[in-house]
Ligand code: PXL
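Presented as structure tokens, the chain that follows is alone, the form predicted on its own.
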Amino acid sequence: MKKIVSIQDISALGKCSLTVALPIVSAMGVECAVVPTALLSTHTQFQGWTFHDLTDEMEPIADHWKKEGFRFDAIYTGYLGSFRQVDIVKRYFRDFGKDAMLIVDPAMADNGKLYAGFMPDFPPKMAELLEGADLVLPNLTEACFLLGKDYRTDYDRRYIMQLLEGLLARGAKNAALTGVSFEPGKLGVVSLSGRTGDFSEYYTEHLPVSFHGTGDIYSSAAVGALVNGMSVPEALALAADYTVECIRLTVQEKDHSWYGVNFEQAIPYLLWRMKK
């Protein structure tokens, strides 16, 4: 059985980060070890949430795993909350990444703004994880922050290609951008291979709703697909279709939860797609 480790925070309630990564990757037939970077009572779309920093636990976990000789087929990073956590993740890459895919979801911004708590000096630090990464998976906002470029809502293919090339220039072997749209009603993902120069794009229906955690669902499905042997374009397309299916199932419910999508109900669809 393939085995990965996911390094990101966990919310005791709320569908994001490790609470979606663990079940989605596991459902795809891949063992998912976890390194929680923080424990929250709920995700941050709720009010009055609690937060416990677990940074001090990350290196002892690595020490123990190294002593036991554990190996992984992939290391998948999500939300990281500090410079120190980025440095510790770089250690995980060094100690456990020799034979593993390194997949970086630089979850830190959206809609032209950094998430609350991040300062402008953080994106350059996060960009250090791109060196040697097999795949970096930012949205448009995160890509702009990683590269120090102005965020734009009006863009063309040349602008998108410049972002992809910039991410590859930072050391990533493959770069993808989520949330790309060139026509009304369509939303998709584009990618560029640093090895072959191949460009791919895939679009789905742009549903007029927004839910917290869909980026984490997308990244987790893409990771599971990659570890199962799919190519980068195939994995990105599968993850896009699965995420849309999650949203569709959610909005069909009269009293659906506002804080997350019904990714659990869409897992049969995900497994069916993997078999095709």
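Treat the numbers as computed from the prediction; the structure is a model and nothing was measured. Residue indices: 1-based, along the sequence shown.
Below, we refer to the form predicted together with the ligand, which is not included among the displayed structures.
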Considering the ligand in the predicted bound form, which of Phe199, Tyr155, Tyr115, Tyr151 comes within 4.5 Å of it through any heavy atom? Tyr115
Can you pick out, from Val232, Leu40, Val244, Val34, the residue that has a heavy atom within 4.5 Å of the ligand in the predicted bound form? Leu40
Within 4.5 Å of the ligand in the predicted bound form, do Ile75, Thr77 and Asp134 each have at least one heavy atom? no
Given the stretches 42-50, 65-73, 232-240, 23-31, which is the single one in contact with the ligand in the predicted bound form, using a heavy atom cutoff of 4.5 Å? 42-50
Indicate whether Arg248 is a 4.5 Å heavy atom neighbour of the ligand in the predicted bound form. no
Ala175 versus the ligand, in the predicted bound form: is there a non-hydrogen atom within 4.5 Å? no
Taking 4.5 angstroms as the cut-off for heavy atoms, does Ala107 touch the ligand in the predicted bound form? yes
Need the contact residues for 1-28: heavy atom within 4.5 Å of the ligand in the predicted bound form, sequence order, or none if there are none. Asp9, Ser11, Cys16, Ser17
